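Presented as structure tokens, the chain that follows is alone, the form predicted on its own.
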Amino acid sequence: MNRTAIDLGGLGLDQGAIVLLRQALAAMAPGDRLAVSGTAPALLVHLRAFARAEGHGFEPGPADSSATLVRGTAASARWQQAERAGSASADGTVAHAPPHWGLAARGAAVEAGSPAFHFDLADRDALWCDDAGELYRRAMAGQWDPAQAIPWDAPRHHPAFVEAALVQVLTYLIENETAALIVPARFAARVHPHFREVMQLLAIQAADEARHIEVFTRRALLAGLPLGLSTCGGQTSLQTLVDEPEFALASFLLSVLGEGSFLHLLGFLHVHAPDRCTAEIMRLAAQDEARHVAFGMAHLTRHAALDPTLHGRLRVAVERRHAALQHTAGLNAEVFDALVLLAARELTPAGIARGHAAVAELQQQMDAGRRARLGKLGFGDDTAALLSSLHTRNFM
């Protein structure tokens, strides 16, 4: 049994002295004695109440300005049933994060009796990827400010029909990027905070899409034209993405197939941009989308290796979406024509032929890219070709 002394001087427990007492007692073993003295008014009254609340013994001293606290076990009993929420490192994740860990930081000691939170995405194998932390760090490093990164004042000398075509394509991009924001935002709120890197990746993915919506809208309005057309078929296609309830399937349809195809579209628009402002927007947006595709591929590759049923469920998701959209028009004619005009740059038969060929090549590149990604996920060549052909004609 050890005895320690502490002089609080004129500092009262209601002025912060309680912090000094807790620090001193925390370093002591049960049964050790802490002699406390001080000159604050009603010090003994406050010490007695503190001891009772914290589970320590209290022995009044010979004067009204001193007392002895006997380190009790009740103070530590509060945490004896606490459990660690894994460890703080990425390797400290557990197979399933229980509801009562709630919002506790990974690695924290969670007090018994903490409230349960409902996070239905709480299984490591359903959402984790080993590169999650690194992908998040890259995403943070790759953030850009539209006000600084985009040359909004760059000269524009292209014909009016090219500007109108660009506005129609940008209107289409805004609509698609809105869906691409909603999907990760919905799932981010369902991920157990124990898997913080995944939650953070989904949040920053939503932030990327918000920035894309901003720059696409600002560029579309730059020349004073009204925005273009939004079709029933286009919105129906996007609704199937927004309504998909399963994380793996939504990630597959959006990131692997949709955003993967969009990477080629943004590359096309970068090459055929009529001005430097538009070209830089497309380059930076593609940079962001590449990260989204990388996370989708990483998490689904790991998931597929652990779940033998995943390939079948992914295939069914593509077929189900194709069946739901087979009676829609697919990519609307206005967007297709606008892409042709952007590549043509002139209203001549030769120019239109050149633009049409460029769009056809774009569609072939999208198909080849989808098949390559499907192959990396473990689908055979024939199945990859079939699933790619069933992907929505609306690209996303």
Partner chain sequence: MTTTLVLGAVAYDAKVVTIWDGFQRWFDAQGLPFDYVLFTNYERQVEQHFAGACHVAWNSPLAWLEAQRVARARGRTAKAVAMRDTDRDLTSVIVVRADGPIRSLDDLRGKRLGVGAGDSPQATLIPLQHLAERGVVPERDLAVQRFDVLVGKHGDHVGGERDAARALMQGSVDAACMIDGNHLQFTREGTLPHGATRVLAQTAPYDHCNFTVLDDAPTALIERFVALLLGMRYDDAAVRPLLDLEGLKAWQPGRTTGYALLERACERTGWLQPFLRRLGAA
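Positions refer to the first chain, counted from 1. Computed from a predicted structure; not experimentally measured.
The protein also exists as the form predicted together with the partner chain; that form is not presented, and the subsequent description refers to it.
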Q: Mark Ala42 yes when one of its heavy atoms lies within 4.5 Å of a heavy atom of the partner chain in the predicted bound form, and no otherwise.
A: yes
Q. Ala24: heavy atom within 4.5 Å of the partner chain in the predicted bound form?
A. no
Q) With the cut-off set at 4.5 Å between non-hydrogen atoms, does Asp381 touch the partner chain in the predicted bound form? A) no
**Q.** Proximity of Cys232 to the partner chain in the predicted bound form, heavy atoms at 4.5 Å
**A.** no
Q. Looking in the predicted bound form, is the partner chain within 4.5 Å of a heavy atom from each of Thr328, Ala353 and Arg393?
A. no
Q | the partner chain: the contacting residue among Ala49, Ala360, Ala63, Leu347 in the predicted bound form [heavy atom, 4.5 Å] | A | Ala49
Q) Pick from Ala333, Ala53, Ala368, Ala29: which has a non-hydrogen atom within 4.5 Å of the partner chain in the predicted bound form? A) Ala53
(Q) Can you tell me which of 109-117, 196-204, 174-182, 274-282 lies within 4.5 Å of the partner chain in the predicted bound form, counting heavy atoms only? (A) 109-117
Q | Within 4.5 Å of the partner chain in the predicted bound form: residues from 6-22 (heavy atom criterion) | A | Leu13, Asp14, Gln15, Ile18
